[in-house]
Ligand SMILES: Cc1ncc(C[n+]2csc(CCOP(=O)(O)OP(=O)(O)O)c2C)c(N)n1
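Just the one chain here, the form predicted alone, laid out as structure tokens.
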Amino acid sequence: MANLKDLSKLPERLGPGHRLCAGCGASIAVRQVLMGTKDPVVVGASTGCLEVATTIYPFTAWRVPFIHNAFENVAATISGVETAYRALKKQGKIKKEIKFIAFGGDGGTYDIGIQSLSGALERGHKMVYVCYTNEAYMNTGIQRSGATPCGASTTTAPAGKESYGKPQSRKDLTAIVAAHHIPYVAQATISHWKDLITKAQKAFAANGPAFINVLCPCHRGWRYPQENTVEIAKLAVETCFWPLYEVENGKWRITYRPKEKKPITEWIKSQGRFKHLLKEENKPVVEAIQKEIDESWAHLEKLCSL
């Protein structure tokens, strides 16, 4: 379990002065995840907000070895580095324990990089993959992704006279990864820091691949005041839009249960990307979203009771 006193003694591995937006959920997620181990780490990041805003030449915000990859191949790259490390350790050329972690946004994970991720998981590399999910291709203009929820307005699925935004439901990537039967899978968000850091500790300690899907609100794409990022993340959990759970060696467990499950309208009215759903003609869309969330939560509870 994450201990605040111990965490305060750890060095900052992502330094200040980067150019991520004020109120960016991704930078908060990275700092919390990297508190999950005291060992040296090697970081890889696919192209995306995190990479472009922390490594603007000739500067870097990273205080650890860092590798930039294309959109689609961070999992393959880090799995290769981890393989090289194991070979060198076997030869006695490296003796210290080193952890390997890959960061990718939902564009580079849910969509473009899923083949690379799936291959790395299937091969069984001892590495951690973190998807910082901001639910669109934020780096390139707020285009819809496989993580964009139904009803959200994006630049490639805009709300208007002919559309209520994205018509499809988002991909359940966490469940897809869990289907690979790897040692550790988790879903988390930045508002519940102790939950996230504890999950990161388990992921780094896993004997094999580990995956954490972290919801990282984006005020630019979601259209809310930048100081509300943590509150928006918390609301995602309280409405069960983004449940917090883990799958540890095949055992599903909910790690946080809201005391009072809030209606999805509380989540919808907090963000400009959903404002059109508050119109009377879109009431059936909101009802359908609520129904899907209720069914997904019931299904999760069933999985966790097995």
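Position 1 is the first residue in the sequence shown; the rest follow in order. On a predicted model such as this, the values are computed, not experimentally measured, just so you know.
There is another form of the same protein, the form predicted in complex with the ligand; it is not shown, and what comes next is about it.
- Query: Of 140, 155, 228, 169, which residue is found within 4.5 angstroms of the ligand in the predicted bound form when only non-hydrogen atoms are counted?
  - Reply: Exactly one residue meets the criterion: 140.
- Query: Just one of 196, 177, 128, 136 has a heavy atom within 4.5 Å of the ligand in the predicted bound form. Which one?
  - Reply: That would be 136.
- Three-residue site 71, 108 and 132 fully in contact with the ligand in the predicted bound form at 4.5 Å by heavy atom: Checked in the predicted bound form: all three residues contact the ligand.
- Are any of the heavy atoms in residue 49 no more than 4.5 Å from a heavy atom of the ligand in the predicted bound form? It does: once the ligand is placed as it appears in the predicted bound form, residue 49 has a heavy atom within 4.5 Å of it.
- Look up in the predicted bound form whether residue 114 has a non-hydrogen atom within 4.5 angstroms of the ligand, and give yes or no. No, residue 114 is distant from the partner.
- Message: Can you tell me which of 183-191, 120-128, 99-107, 78-86 lies within 4.5 Å of the ligand in the predicted bound form, counting heavy atoms only?
- Response: Going by heavy atoms within 4.5 Å, the stretch is 99-107.
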